[in-house]
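Only one chain is included here, represented as C-alpha cells and corresponding to the form predicted alone.
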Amino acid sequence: MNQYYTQLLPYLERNHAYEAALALLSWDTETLAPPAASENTAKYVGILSEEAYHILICDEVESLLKKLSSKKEQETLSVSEQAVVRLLQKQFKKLSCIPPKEYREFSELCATAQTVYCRAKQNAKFEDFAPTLEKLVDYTRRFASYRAEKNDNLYDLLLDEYEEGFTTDILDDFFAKLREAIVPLMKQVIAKNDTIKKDYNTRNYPEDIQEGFCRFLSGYLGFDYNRGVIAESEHPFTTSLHNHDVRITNHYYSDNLESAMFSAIHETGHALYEMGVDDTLSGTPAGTGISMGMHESQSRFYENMIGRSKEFWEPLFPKLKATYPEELADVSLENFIAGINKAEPGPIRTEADELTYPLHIMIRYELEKDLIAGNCTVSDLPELWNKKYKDYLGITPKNASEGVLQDIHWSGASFGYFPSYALGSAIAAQLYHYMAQQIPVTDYLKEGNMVPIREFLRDHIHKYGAVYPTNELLKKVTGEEFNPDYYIRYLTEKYTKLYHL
C-alpha cells in the first residue's frame, strides 16, 4: 500500500468514528429521544461536528492529499484508493473554506431545526419554522459562495454535493422531457380514473399489525436484522453508521394500508445498498452510495419496478390477506395490483403514484432554484408552493402540513437533494431494463426468490460504494450513461396498459 495513503488512513478512521456518532445522535433524535433533549443534544452535535472538521481540515491531511495527487503516486493506488483520495479532496475543498466557528454554528442549527420543523408540521404553522429556515438558507448560500468561482451557479454547487456531474442545464432538459411526456398522459389517465377502485386502502389497519407485516417485507427483500434495525419516525429514512450497522425507519397510519408497506420496501432498497458496500470501502469516503440519485434508484427500483408488480405479489398476496382477513376479504389480487398502481394527483409526495411523482419533484426543484438565487424569499414559499401544486397537479394543499411543510429535507439544509428523487426513478428504469435482459426477473419474483435480484444489484452496483461516479458506473453496468428515455417509456407503457388507453 502507498505510504502516504497508509498515513492518511488514521485520519479517515477517526473522522468516520465522529461521523458515526453524529449519525447515531441524529437517529436517536428522530426516533426515541425526548423532546426536551434537543437543545443540549444540539450542543453536543456542534462539538462533535467541529472535532470531525478539524480531523480532516488540517495541515497534515492537506499535505498528504497534495502528495497523493501527483501522477506518480496515483499510479501506485488501486482504483478504490484513487476514489477515496478523489472524494476526500472534494470534501476538503468544500469544508476548508468554511470557518470552523461557522461550521459548528451551522451544525447546531441543523440539530435544532428538525425539532422546530416537526413541531411546526404537527401544528400546521409554517410561520413557526420560517425564521429557522431563513437561517438555513443563509448559511447554505454563504457556504456555497465561499467555494464559488467566477460565474459559478450556486445551485449547481449544491447539486454537485448530491449528484456529481449533473447541473441545472442537464436537469432542466430532463424535467422538460418528463413534463412533455407525463402531463398529457396524466390527463388521459385522470379521465379514466373511476375505472380503478381502491377503497380497501383506507379501511382500519391496526398499526402494530402493519409493523409486523412491514418487518416481514423488509426481511423478505433481504434486510439483514443482524446488521440492521427498524424504528418509527415522523418521516421514514435510512442512515448508516457503516455497512454492518444500517438503520431504517417507518411511519404507520391506521387508515392507509399502502403507506407503510411501500415505505418499508423503499427504505429497504436504501438499506440493501449500504449493506452491500464492500468491507474494504466501509468507513472511508467511498463507503456509501455514489450519489443520492443512485441511492434513490435502488429504493425506487424495489418500491416500484419490483414492489408494484403483479409477479412480486403473487406469492405474497395470500399472506397479506391472511394478515388482514376481514379488511381484504373482498379484494382480489387483480383489484389490489390495479389499486397500488392507480394514478391520482394528491398533495403528498411520499404517497404519490409513479406517474404524478416527478411533478412533485419539479415543484421543489423550481422553488429551490429560485430560493438559492434570491428570486424568492422564505416567506413567499407557502403561496408559491400552493400555486405550483394548482398549476402542475390541479390541487391545493389544505394546510401547511400537507403543503410546504410536508418534507423534512429543508430542516437539514439539504438543498439540491430533491432532484435526486426524479433522477433515481429514471436510473431505476434504466437498470431494470438492463437487468431484465440478463436474468429472468419476473420468474424469480413469481417464485418468491429475491436472492438473484439482490445479488445482481450487489455485484453490479452496491459493492462499489462511491468508487465510480454515477455516469461512469451506469456505463460500466449498462453500456451507456444516464438515459431518461427508459423511464419515459416505462411510465408510458405501464399506464397505457393499466388504463387501456
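Residue numbers run from 1 along the displayed sequence. The structure presented is a predicted model; accordingly, all values stated were derived computationally and were not measured.
The form predicted in complex with a further copy of the same chain exists for this protein as well; it is not shown, and the discussion that follows is about that form.
Considering a further copy of the same chain in the predicted complex, the lone stretch of 171 to 179, 137 to 145, 239 to 247, 352 to 360 in range is 239 to 247 [heavy atom distance within 4.5 Å].
Under a 4.5 angstroms non-hydrogen atom cutoff, a further copy of the same chain in the predicted complex has E13 among its neighbouring residues. In the predicted complex, at least one heavy atom of W27 sits within 4.5 Å of a further copy of the same chain.
With a 4.5 Å cutoff on heavy atoms, V229 counts as touching a further copy of the same chain in the predicted complex. In the predicted complex, a further copy of the same chain sits within 4.5 Å of a heavy atom belonging to L48.
Taking a further copy of the same chain as positioned in the predicted complex, none of the residues of 161 to 190 brings a heavy atom within 4.5 Å of it.
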